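Here we start with a single chain on its own, the form predicted alone, put down as structure tokens.
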């Protein structure tokens, strides 16, 4: 009985027996997330082997998922990245879920498409394609070469509430919109009488457009002291972050670039799309080459360097929009 307790040790024991705890024992803390780097040579080898031994009839999606050793079964506490491949003639069946997703294409084809809400969206190298919350989507490859892309999702954030998923009643959804429809009707010049079906419409950010922006900034000699020529993929309707829960960015580090160190209260996952370099995270050097993927935990001091004689390009996704919406985002420049 609690009335017979005469000291704090006994009280602590009684509390534990009743699934309670006193503040004097401290607050439980989640596992500390640490930075990590995954080598593309290993990820890609595993993905290609999966195409040989895991037929699409056995899985809804053929992906290699990344696991952070400090977190067990996840890459980060909020956002997630994996790598997917669809071989010639294959279809990744249609479904939808309340987790939002993006596809950044690292090996594309003019004959491969993601279909989102009835619109076929080409998957060419360097393209970014969004499949917002609760939109039907499937992937198919009618070309002759494998197509490979990064899958980015806010599945950990959504899982805090409840993850919902629904299969389409056929492997493929019908295509009732022409290719490029969203870009033409939801871009800067749009028909006044067409209202978007979703607060965030599916959208394709073509690599050619991204590259032209990079070159314009290079010609103007404009760059961030921390991140080089740094772009963000803005929401086509609001001009805000790519998606409500996370944003996608791309940055070019010119030859011999050495950025200033900074930190922020958001998780950022990077993929080396082009070139090679080093990112120093809390004093630890992570040397990356083309294709490698690495994660920077929240409030980790980090800086990027490119000591090579060629440009390097990093693609990234960050949960900054979620942290800003919760009013817990902050950033700090070293010194």
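Everything numeric in this text was worked out from a predicted model, so none of it was measured. Residue numbers count along the first chain shown, from 1.
FYI, the form predicted together with a small molecule isn't displayed, but the following is about it.
Even though the small molecule is not shown here, does residue 63 get within 4.5 Å of it in the predicted complex, heavy atoms only?
Looking in the predicted complex, residue contacts with the small molecule include residue 63, since a heavy atom lies within 4.5 Å.
Does residue 84 make contact with the small molecule in the predicted complex, using a 4.5 Å heavy atom cut-off?
Looking in the predicted complex, residue contacts with the small molecule include residue 84, since a heavy atom lies within 4.5 Å.
With the partner left out here, check for me: in the predicted complex, does some heavy atom of residue 151 sit within 4.5 Å of the small molecule?
Output for residue 151 is yes: heavy atoms within 4.5 Å of the small molecule.
Considering non-hydrogen atoms and a 4.5 Å limit, does the small molecule approach residue 97 in the predicted complex?
Within the cut-off, so yes.
In the predicted complex, which of the stretches 238-246, 71-79, 131-139, 255-263 has residues with heavy atoms within 4.5 Å of the small molecule?
Partner-contacting stretch among the options: 131-139.
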